[in-house]
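In structure tokens, the next block holds one chain alone, the form predicted on its own.
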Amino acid sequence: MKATTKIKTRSLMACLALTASVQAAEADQNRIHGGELVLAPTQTNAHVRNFNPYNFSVGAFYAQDFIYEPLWIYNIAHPGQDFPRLAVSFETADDLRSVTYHLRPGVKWSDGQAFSADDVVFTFELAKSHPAFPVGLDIQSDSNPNGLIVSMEKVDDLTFVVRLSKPSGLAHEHIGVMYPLPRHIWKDVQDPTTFANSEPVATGPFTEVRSFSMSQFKVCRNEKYWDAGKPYIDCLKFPQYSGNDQTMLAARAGKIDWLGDGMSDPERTYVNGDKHNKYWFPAGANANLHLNTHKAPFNSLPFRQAFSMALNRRFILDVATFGLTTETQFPIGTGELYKDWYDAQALQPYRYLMEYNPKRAKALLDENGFVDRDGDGWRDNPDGSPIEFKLAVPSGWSDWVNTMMTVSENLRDIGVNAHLSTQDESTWFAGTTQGDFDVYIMWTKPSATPHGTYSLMFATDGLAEGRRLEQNMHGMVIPEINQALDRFAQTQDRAEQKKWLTQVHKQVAEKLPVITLFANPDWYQYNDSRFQGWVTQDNPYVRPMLHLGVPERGVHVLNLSLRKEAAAQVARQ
């Protein structure tokens, strides 16, 4: 029972850490209930009433973490100090072939129905029967024979067991992030991928949609929320902003409590607008370019290598991203967040791929037949077909727009006809699953270990056209990476894990499924005139960002409460 005991202990420590953290946070604060928190987690031209937590074009931005809660929230900023949510503990079997979860007793859906293991198993079965429904579980199937999860089985109302296709000590990283759905509501849904879920029934802290228009909507407290006394805030208010400029105009005036926008000079463009405007940009996960390797010229390794060497990353770091991003040393798709996992000596031979060398890039293209064959001034594929492609980026994301503009200019300097393609944010997100693209810029998703990040980047169940995952848009299957990740998951010895991770790093550097750019800052701005309990550099209890993909935002919002001055103002209204 060694593995079981070890992981049980870790679960207990997580609970104790959470309790201590919350007690410490509450000890010196006078909590006041009430108020409407104004948030801007994303940008759109018009709000669409969709609260499907697995709709990554619209619903997930608002439904995940606020309306629906996961089983477990990893504290990425403080490994080992996790936040058990709908599950309170888990046990991995001695042979690493199953994981047993224990659910939190007393949890109810917002319509009063009891939450149970039936709902969790139902969500798994729904994902299994609808492969295009992106629940994110690595389910074994005919189309995904190497999938990790074979089955989920109810043991009793508060217990379920997950059977695995192969030994894994890290399966919880995949399963714990699942957002269960209410069986009594979703069992009658014909197609979960198109279900708008306009009247959500959920277990999260905010479930009641009080008002909705294309320009603003409001979601208010769940009176049946399991954590007694929380949330402290009455409602979340989501105004509509179509781009960075519009968002920053409102934020600078102190009209937004919480946001996460890229900005070049935060002191001048944000802080000077209101004395309560604050920001903190800790180093975050990497941003990479995903080239569609299912078509030319991106299916050519020499082309991808030339692409990487053509990029002036120093200019991108210092100018395009305003000096707020961090250099990534090696072409492995991850950066500073996991620097302690590097084997720098093993990766040094690939360092040249991160260096700006347009001369060498042009020579490599010439050697491999990517030359101008029709005299129009642009390089063509070796078969004579023209090379012309788009670099897709959301129109309002100025730092990434600048980056892609620089990429376009760098490629055109070596004779490659690449165009910047700015898109409405919703359109851009919708395009991530289709596979019909040339080049996308994309973040990496942090995890408790690099294994989680690379597992998403090389998940074989997300490669079918029409249902790709945002993390593996490159579309490349590299069996050596999946094998090394399997070996990583089969041990809990850090040195052994690092050995297998080095194999992953070398395969990424050799085959370049993604073009590594830089480590993004974690964009985080807030106005503390009305609410207290914010994550700060001095009290970094969780990652502070508001955007989708940061489950800790659900912990963050539960720690916010009205300041006395703001409460008095609310009382006078």
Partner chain sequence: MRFILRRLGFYCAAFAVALTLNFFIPRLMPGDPAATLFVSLRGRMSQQSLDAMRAAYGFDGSLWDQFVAYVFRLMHGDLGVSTVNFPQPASEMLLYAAGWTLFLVGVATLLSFAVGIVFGMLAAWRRGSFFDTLFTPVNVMLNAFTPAVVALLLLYGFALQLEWFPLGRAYDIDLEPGWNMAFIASVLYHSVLPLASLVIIAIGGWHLSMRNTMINLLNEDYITLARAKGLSGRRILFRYAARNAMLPQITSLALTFGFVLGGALITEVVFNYPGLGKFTLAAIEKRDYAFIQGQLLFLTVTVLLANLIADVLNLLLDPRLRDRSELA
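Positions refer to the first chain, counted from 1. C-alpha atoms forming the largest set that superposes within 1.5 Å between two forms make up the rigid core. Not measured: the values here are computed from a predicted model.
Not on display, but discussed next: the form predicted together with the partner chain.
Original post:
At 4.5 angstroms, heavy atoms only, are Asn277, Ser308 and Asn527 all close to the partner chain in the predicted bound form?
Top reply: None of them does, since no heavy atom lies within 4.5 Å of the partner.
Original post:
Is Phe56 a contact residue for the partner chain in the predicted bound form, using a 4.5 Å heavy atom cut-off?
Top reply: Yes - in the predicted bound form, heavy atoms of Phe56 and the partner chain come within 4.5 Å of each other.
Original post:
Is there any non-hydrogen atom of Gly475 lying within 4.5 Å of the partner chain in the predicted bound form?
Top reply: Judged by the heavy-atom cut-off of 4.5 Å, Gly475 is well away from the partner chain in the predicted bound form.
Original post:
Heavy atom to heavy atom, is Asp234 within 4.5 Å of the partner chain in the predicted bound form?
Top reply: No, no contact at 4.5 Å.
**OP:** Examine Leu353 and determine whether its closest non-hydrogen atom to the partner chain in the predicted bound form is within 4.5 angstroms.
**Re:** Close contact is absent here: in the predicted bound form, Leu353 is far from the partner chain, nothing within 4.5 Å, heavy atoms only.
Original post:
Among Gly169, Pro446, Gly435, Gly136, which has any heavy atom within 4.5 Å of the partner chain in the predicted bound form?
Top reply: Of the candidates Gly169, Pro446, Gly435, Gly136, Gly136 is the one lying within 4.5 Å of the partner chain in the predicted bound form.
Original post:
Just one of Ser110, Ser408, Thr502, Asn144 has a heavy atom within 4.5 angstroms of the partner chain in the predicted bound form, so which one?
Top reply: Selected residue: Asn144.
Subject >> Stretch in contact, per heavy atom within 4.5 angstroms of the partner chain in the predicted bound form, of 296 to 304, 191 to 199, 83 to 91, 488 to 496 >> reply: Single hit among the candidates: 191 to 199.
**OP:** Within 4.5 Å of the partner chain in the predicted bound form, which residues of 186 to 216 have a heavy atom? Give them in sequence order, or say none.
**Re:** In sequence order, Thr193, Thr194, Ser211, Ser213, Met214, Ser215, Gln216 come within 4.5 Å of the partner.
Original post:
Superposing on the rigid core, does the Cα of Phe212 end up 2 Å or more away between the shown form and the other one?
Top reply: False for Phe212: its C-alpha shift is below 2 Å.
Original post:
With both forms fit on the core, has Phe133 moved 2 Å or more by CA between the shown form and the other one?
Top reply: Shift of 2 Å or more: no.
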